[in-house]
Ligand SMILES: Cc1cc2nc3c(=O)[nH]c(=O)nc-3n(C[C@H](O)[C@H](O)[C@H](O)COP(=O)(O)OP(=O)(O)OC[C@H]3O[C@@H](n4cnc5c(N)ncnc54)[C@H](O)[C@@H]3O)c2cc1C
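Given as structure tokens, the chain that follows is alone and in the form predicted on its own.
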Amino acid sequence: MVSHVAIIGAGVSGLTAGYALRKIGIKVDLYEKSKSVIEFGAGITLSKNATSLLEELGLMNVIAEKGYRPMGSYIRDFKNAKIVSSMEFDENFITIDRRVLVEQLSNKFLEMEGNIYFGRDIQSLNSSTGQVKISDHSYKTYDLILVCDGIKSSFRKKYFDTSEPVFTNYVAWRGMVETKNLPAHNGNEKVNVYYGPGSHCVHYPTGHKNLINFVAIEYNDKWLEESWRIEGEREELKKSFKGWNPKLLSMLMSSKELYKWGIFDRPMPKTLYKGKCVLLGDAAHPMVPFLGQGGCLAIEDAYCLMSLLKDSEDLLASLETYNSIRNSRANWIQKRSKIQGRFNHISNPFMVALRNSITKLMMKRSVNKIHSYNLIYELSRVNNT
């Protein structure tokens, strides 16, 4: 039986997993190489496939009260902002500032007497024995090691495969603006997505200080910066989205801080565990952000692993089941996200008209298929076989 776990990385996957494991009585040491829990100020969406699990864990109320329930989504034309399609959401869909989400997860983990070691880096690990070497030159041995250190995970490269993150030819402009700067369109307080030629834009409230999060994504075949995130130039943004709705552009330009991100991807490894080492979140299955499912899948990973470890006497069997369930789910979402990116950025006028017709007919069905995924039911099927 697993009684002591190490977690590498204090992001959404690491903190959710840490809290979940503490709920079932497992001792958890979480190592974060930064000196504090730090996240870039961007928004994140959490749909029912994740929020239902947060509810089960007892986390939903504290997270939802810090976020926002948009209760619907609009797809709009990039130039005239006319509505292409729309759908309603229920209270299970929330938007929130990523920094606030991580802060709340961290607080709840500490309330459960989990241990966070800031400024300590795990330098190496033995996946067979569970021993880790820490940056303070000490060694500790664990029953299981969770690798939750993101898409750039060096541990994944060393112990799972040799793949490197690859630039996807998408560049994201991100920022936060005040609610008063929203375009005066009906439904602007909901999730709004604008389809444009070779680009698209999404904005939604975060529930935090009346701030609206936006991300405007363009196709770009070059990314020469060493950093994945740099401070963006407003004139460059304006040029990249020339011809877009003036009110929307005005909102984007009102951001006090503007950042430009190169969006990278990394294929999934064949297996998500090796010995006593297991991958979660972006270390396991990074993906382009066109379905808003990155954080949701991290929460799914954490809940799935907790459920399989609870009262388990066979670690290998639990990890095999985790690998089977999560590999299938994440592979599908990863591929579906790539398709959505191409779908959003269609530029041929005939194909645009066809795309918009498909959106009107299929939007609700497509979104529901993703959001209605029920991990608890999936786990119950495994337990009954």
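Numbering starts at 1 and follows the sequence shown. All values reported here derive from a predicted model rather than from experimental measurement.
The form predicted together with the ligand is left out here; the points below concern that form.
The three marked residues, 11, 31 and 122, each reach the ligand in the model of the complex, with a heavy atom inside 4.5 Å.
Interface membership of residue 282, defined by any non-hydrogen atom within 4.5 Å of the ligand in the model of the complex, is confirmed. By the criterion of a heavy atom within 4.5 Å, residue 293 is counted among the residues contacting the ligand in the model of the complex. Using a 4.5 angstroms limit between non-hydrogen atoms, residue 98 touches the ligand in the model of the complex. Interface membership of residue 155, defined by any non-hydrogen atom within 4.5 Å of the ligand in the model of the complex, is confirmed. With the partner left out here, the ligand still marks one of 42-50, 342-350, 57-65, 324-332 in the model of the complex; by a 4.5 Å heavy atom cut-off that stretch is 42-50. For the residues 84, 263, 315, 193, the 4.5 Å heavy atom test against the ligand in the model of the complex is passed only by 263. Here is the short version: of 211, 215, 306, 132, the single residue with a heavy atom within 4.5 Å of the ligand in the model of the complex is 215.
For the partner-free chain shown, 172, 174 of 160-181 come within 4.5 angstroms of the ligand in the model of the complex, judged by any non-hydrogen atom.
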